[in-house]
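First, one chain by itself in structure tokens, the form predicted alone.
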């Protein structure tokens, strides 16, 4: 398959159902009521470039002010915007949609930008972090508004404008929030529009963004195929790829703490987070106690028969492979439990149960609030299976252990971007642990948790034989 065919296939996969879900506006230029909304890529690029030149030519304090404005708006409107996204996408949990927007306040801004100075006999040099210009962004349905908001802060802090081709199932809420940001930025800083959104995203507009000569950088969040397509482009690509984070629990773990951590991470937004705990490998000597700890912590255990029913419904075998059913992605545990033939109370955070390694819930990035637990003879076997089922994505891994050697061995062997120890996966993004949040975690391209530094170019100025030290 040549590059053009690959891009077409990939973007089709990522942006399928565009026509049925896309916004109805066909305007080719931004309106005063919905600034930053465009019907075609070329017009969006023209406006974004003008806004970016104005931003980059202004003061750093202006960028700082815009970032703080976005943070303040995300916090103040978290309830309304979280509800807007939840009602459009119909996946995840409303309280966590709101929580993700409240988390935007912790996304780093201009304070992350640094300038290094070198002085000597030959003069002085300054190493600066310069903007790329206009960045093409593809956002996921799982975190439509938070991803756009966090990216906007990081990209604007580093002097860039952005053009967003949203996932169709989250396009309306993203467009509404972007327009609100643009209106506020225009009113306070007289720059418009820094966040340009393709109102009616299609396969064609996605391909145009991928290949547009005036878009030097791509930031793409999606599965393996779209990640490969982005990295095939002859331009800088920041790719937030897939994950299937494994958990290892060894015989030294604090099992109650492990249960609390697994539930907190895997239940967050009904396990839509790419960092969320997806499968757990527990050494046999503590397996039964671990299952009891999960029940004690509030999770509901499914029987073998219930798991069989749920698996058949949620990850059916289609032709020659397992296919995750969208009818169950991000749905509440009550929905999954019904498919398993069980009626559970409202408010149950997570379902779990014992499976063997061959169950597709182990191998697939299923994004559902059911976590399979696999019994293994020892830590070494658990680590082998964790490596196998992480699939080399290099995304996230979790361990619960008080054995420093085991922790060290797993950290080195997994070599993932995020590695959580004795806590929930969310701890790596500052939720119950140290760090800062981002909703674009670049694993295939290696940048990790993105920040304003991610979206900069290295630029050195040397003043020869001037300002040198005496």
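On a predicted model such as this, the values are computed, not experimentally measured, just so you know. Numbering follows the first chain given and starts at 1.
Missing here is the form predicted together with a small molecule; even so, the following discussion is about that form.
Taking a 4.5 Å heavy atom cutoff to the small molecule in the predicted bound form, the contact residue among 333, 159, 241, 261 is 241. This chain is drawn without the small molecule; in the predicted bound form, the residue among 365, 180, 88, 251 with a heavy atom within 4.5 Å of it is 365.
Just one listed stretch, out of 384-392, 339-347, 301-309, 203-211, contacts the small molecule in the predicted bound form at the 4.5 Å heavy atom level, and that stretch is 203-211. Site residues 132, 237 and 445 are none of them in contact with the small molecule in the predicted bound form, judged by any heavy atom within 4.5 Å. Although the partner is absent here, residue 92 lies well away from the small molecule in the predicted bound form, with no heavy atom inside 4.5 Å.
Taking the partner from the other structure, the small molecule in the predicted bound form has no heavy atom within 4.5 Å of any heavy atom of residue 193.
In the predicted bound form, none of the heavy atoms of residue 109 sits within 4.5 Å of a heavy atom of the small molecule. Although the partner is absent here, residue 141 lies within 4.5 Å of the small molecule in the predicted bound form, judged by heavy atoms.
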